[in-house]
Every structure is written in structure tokens, then in C-alpha cells.
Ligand code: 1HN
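Quick setup: one chain, the form predicted alone, written in C-alpha cells, and binding and motion questions come after.
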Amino acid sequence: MTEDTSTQEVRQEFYGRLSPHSMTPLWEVLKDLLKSEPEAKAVPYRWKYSDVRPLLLESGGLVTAEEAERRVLVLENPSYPGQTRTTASLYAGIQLILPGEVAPAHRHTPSALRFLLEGEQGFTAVGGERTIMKPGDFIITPSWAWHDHGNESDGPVVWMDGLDIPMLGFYEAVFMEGHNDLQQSVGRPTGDAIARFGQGMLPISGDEAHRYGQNSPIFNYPYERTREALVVSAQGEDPDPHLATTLRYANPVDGGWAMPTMSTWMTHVKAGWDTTPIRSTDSMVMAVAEGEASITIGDTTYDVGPRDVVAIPGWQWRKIRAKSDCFLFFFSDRVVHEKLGFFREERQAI
């Protein structure tokens, strides 16, 4: 028996005596805990809307919105089967509301966002104010705010949900409460929030602007305004080589991100334009508002078109090639990385 073998046997015997005490030696696992660079468990994945839509409509014949509470097909990353994760920290799903339906009022600790994919005259009510949703609109549902949804049109209304459920799940802080009524009482006129906070002006009383804590007091950012801002910005200066023309959704109160746990932005890439590869520690989900493009994530390339959704794990090189003028919506966990001080970004040289 060599000295090395003997030493290993002594160590293993010691480790065995640690186990009943629920302890383990750090030096045996340190190399797996602290690596030279991030390693994402999630994989890139694309959900084509042409595949999703028929299944979503079929679900509408199986269960009502009221029965389901939320009739949603979860976009589940293949690396996390059964865990309702789109990336390690983000949840995304596609929700359907049929004509005349109402998704019952409730509230929950996870923050939520909606990005409308299809339909007109769908609505969501948040904190006593209703907003009509149009394709490309970005809507916020703050943590613990009452909300319900409905459809007053003759066709289906479909949107992408984005939530921070996996993050709150880590802290074992996910819970919800149902409302006593199917729909909450509406006490504010439609458009109240954007009139007060979305015109480059703010109420003189500061308290009102913090009605949803760290969330933006605007809860619907209309696509029409976002698109116009991107188009004009693209004309005013050369696009960023790595990010093209990108504008983030901001909280008008402090200029920060619109939500405390999920960053949101929209990117405009002109037809025929290629972005230079970039990677960052945050994981993200992308939804196509307009246009056709190819997106390369690591060694994987997807062709994408309107309403397609793509999962982008953290620290993966990514680049976009626009086949036509593209408008791409993103949400990510970047704001959390920034607040906790570990956000990193790397750009390939031009």
C-alpha cells in the first residue's frame, strides 16, 4: 500500500464520519464551486410561434381561463424539465385569453411582465387601473399588486408572460392570494398612469410615484412610442456595433430599470446589419416584435420571425443578423446582477 493510497483512505474515512453530522469538506468541492468563468446549465432554445399557436388554441378548448386561473403554456428550458424555468432565473410562458373570458384577479410575490404578441382589445387591470393592450406593448405587474386580465374582442389575445419565480423560489418566498371577486374594482381611468408619469413630468407629491415600491409607476409602455423612439434614435447616430440601437425601459422616478428584479429593453437592428458578438453574465429571454433575423448563441444559430421567443443563457456569445428591419424585446436578470455587484460584460473586438 503506497503512502498516497493510505492518505486517501484516511481522508475518506474522515469524510464518512462528517456525513452523519451534515458536513462536507470544502476543499473537495471548491474547484466546482468557484470556476474560472460562469457555466450556464440552461441551453439556448427557440420556440417558434407557428408551433406554439396551434397548441395554445387547442388548450383553449380544454380548459377555461377561469378554471385554469391562468391558461399558460410554460416555455420550459430543456435543461430544467419539470421546473418551469426558461433560464436558470427566469420564467416565461405564453398566455391565451379567448373572446369574453376573464382571468380571475389575484396577486403574488413574484413580479410579472407581459409582452403582447397577438390580438386587440385585450386588457389587464393593475391596482385598480385598466389598460388596453396592443401588440408590442410591455406591461408591468408589480409584486403583490392585484391584477386580472380579459378579452373584449372577437379573436384570441396572446401574450408572453415573464416572471422572476425561479429567483423568489431560491429564497422560498413564492406565494399568492386570490381576490374575493372575479375582477377587481377599477378606480382609475384608463391611461392614468402614463398621463401622470410618462410625459416627462411627475406629480409634485413624491409619495404617489412610489405606489409600487421600486417598480415604475407606469405599467404600460406602448409599442407605438417605443418603436418611434428606436427609429428616430437609429437615424440620429450610428448603431452600437454590439447592441445595434437599443433603448431600455426606465422608471421615470429615478431613471433606473423599470422593474427591481427584471431588466427590460428593446433593440432595433436594421435590415442587412450584423451585430458584433457580445456576452454577459445575465440570462435573458428575447421575443420578436417585428422582422426576421438569425441569432447565434454560442455554437447555435436560429432563424426567428415575429412572435418567436428565444432563451439566451448567461455568458454565451451572442450576435444578431437582421434579414429585415427588426424590433426585438428582451428581459433579463441583469438588474439583480448589477445591484449585487457581479454583472460582467465582454465584447469581441471590431
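Each residue number is its position in the shown sequence, starting from 1. Predicted model, so just to flag it, every value in this text is computed and none were measured.
Missing here is the form predicted in complex with this ligand; even so, the following discussion is about that form.
The partner is absent here; in the model of the complex, the one residue of 130, 279, 242, 147 having a heavy atom within 4.5 Å of this ligand is 147. Proximity to this ligand in the model of the complex, defined as a heavy atom within 4.5 Å, singles out one entry of 165, 194, 158, 88, which is 165. Only one of 256-264, 130-138, 90-98, 219-227 lies within 4.5 Å of this ligand in the model of the complex by heavy atoms, and it is 90-98. At a distance threshold of 4.5 angstroms between non-hydrogen atoms, residue 211 is out of contact with this ligand in the model of the complex.
Although the partner is absent from this view, residue 70 contacts this ligand in the model of the complex, with a non-hydrogen atom inside 4.5 angstroms. Although the partner is absent here, residue 106 sits close enough that one of its heavy atoms falls within 4.5 Å of this ligand in the model of the complex. This ligand in the model of the complex is not approached by residue 268, whose heavy atoms all lie more than 4.5 angstroms from it.
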